[in-house]
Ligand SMILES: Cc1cc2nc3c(=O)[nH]c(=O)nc-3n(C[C@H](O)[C@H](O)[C@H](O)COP(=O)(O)OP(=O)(O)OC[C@H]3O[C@@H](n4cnc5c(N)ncnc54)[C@H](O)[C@@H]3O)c2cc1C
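Only one chain is included here, represented as structure tokens and corresponding to the form predicted alone.
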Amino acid sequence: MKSGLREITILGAGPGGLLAAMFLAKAGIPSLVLEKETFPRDKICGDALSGKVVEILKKLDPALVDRMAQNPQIIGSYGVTFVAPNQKALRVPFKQDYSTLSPAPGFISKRLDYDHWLAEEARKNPLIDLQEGGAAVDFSRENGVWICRDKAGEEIVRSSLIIAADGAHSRFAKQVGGMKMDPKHYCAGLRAYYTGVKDLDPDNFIELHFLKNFLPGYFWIFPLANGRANVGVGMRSDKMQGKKINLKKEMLRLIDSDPALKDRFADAKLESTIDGYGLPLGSEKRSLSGAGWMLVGDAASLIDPFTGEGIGNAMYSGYFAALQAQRCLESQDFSAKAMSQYDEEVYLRLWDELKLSKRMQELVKYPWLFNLVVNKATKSKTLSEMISCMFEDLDLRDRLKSPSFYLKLLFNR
């Protein structure tokens, strides 16, 4: 699979890596994309495609969203329901008056189907060389050129620029980027597929349940095509370790006995294994680039700390990586200083949302306070919009920076 010298090599053909390649191709720039698996391949995930996904696809090509909406395995979603520990539900639409929207403001799809669809779209462009079934596991840099080798030590490619989009366990992020797993900024999760779950939302709202006897974790139900559902649990790793929690046992216990869930799962059937994965959370700023390299998506630890959503952030970081790569090629400057503009752009777009989500994550430690927020939000359009901001690009960020904003909402009548 040796492919000589390339200007740009992208590690990983998930949404972040493919979006980087597709935006580069739109600018007339070729790239090599290395994917260790072979499509169609699964990725353990919650499977929700937020409004940011729709937004960035439209920026690339509005026709992509129309084609995605026509895929029978990818269904439209119109909002999210938060269920507080007191069982009060807050139903937040992604857009107001959503019943008239077409296509939908968000989508839900198994990653098996979505990533395959996106890869097929990428293959249509001759400037994208997508090579499957081989992974680079060792990296060195000589005279400004990266040398990527496989597990046998054989050279795969030489490249001026590496965009590492190879997921939460990215070898490049660890070896070169210095990324380390910090339990305070990491979440453990489980995912399973069920049929027969009762009372799925008719408008395909995704559900996040913050159950009193499972805090500070959360339980989710995301509807899928053909009456199926993605069901799972997540909890921050340090909390799970501190409480010595077995996530699989807890997930099954909740399904079997929790008053809010047991009736809905009474006739449900598990149609998959229960699979675990790790989520590197974007709850602290990290260095996302260096001389001749950038990290994208999960490799850059950009997952939302409150909702666990990562696909939209991955795709946006892929877009910014493509912009930075274009600047580097034009100037022939691949220095760390030049690359730092990528970090600035990513965090300018995402940091306020990530910071807000970190605050919401911390709120779950106090059930009474979380109950209060949900109770208030059912009566407050402003607070409801604030929560919706985590899923779509509402211009509320300036107000969200001030602690007084929360105090006013929570304690004023």
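Start at 1 with the first residue shown and count on from there. Being a predicted model, the structure only gives us computed values, none of them experimental.
We do not show the form predicted together with the named molecule, though everything after this point is about it.
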Interface check vs the named molecule in the predicted complex: of G144, G134, P103, G196, the one with a heavy atom inside 4.5 Å is G134
Here the chain appears without its partner; judged in the predicted complex, the stretch of 122-130, 303-311, 331-339, 75-83 with heavy atoms within 4.5 Å of the named molecule is 303-311
| Taking the shortest heavy atom distance, is R111 within 4.5 Å of the named molecule in the predicted complex? | yes
* To do: Decide whether I29 counts as a contact residue for the named molecule in the predicted complex under a heavy atom distance cut-off of 4.5 Å.
  => no
Close approach of G217 to the named molecule in the predicted complex, 4.5 Å, heavy atom: no
Verify the contact flag for G278: yes if a non-hydrogen atom of it lies within 4.5 Å of a non-hydrogen atom of the named molecule in the predicted complex, no if not.
yes
Restricting to 342-366, the residues within 4.5 Å of the named molecule in the predicted complex through any heavy atom are none
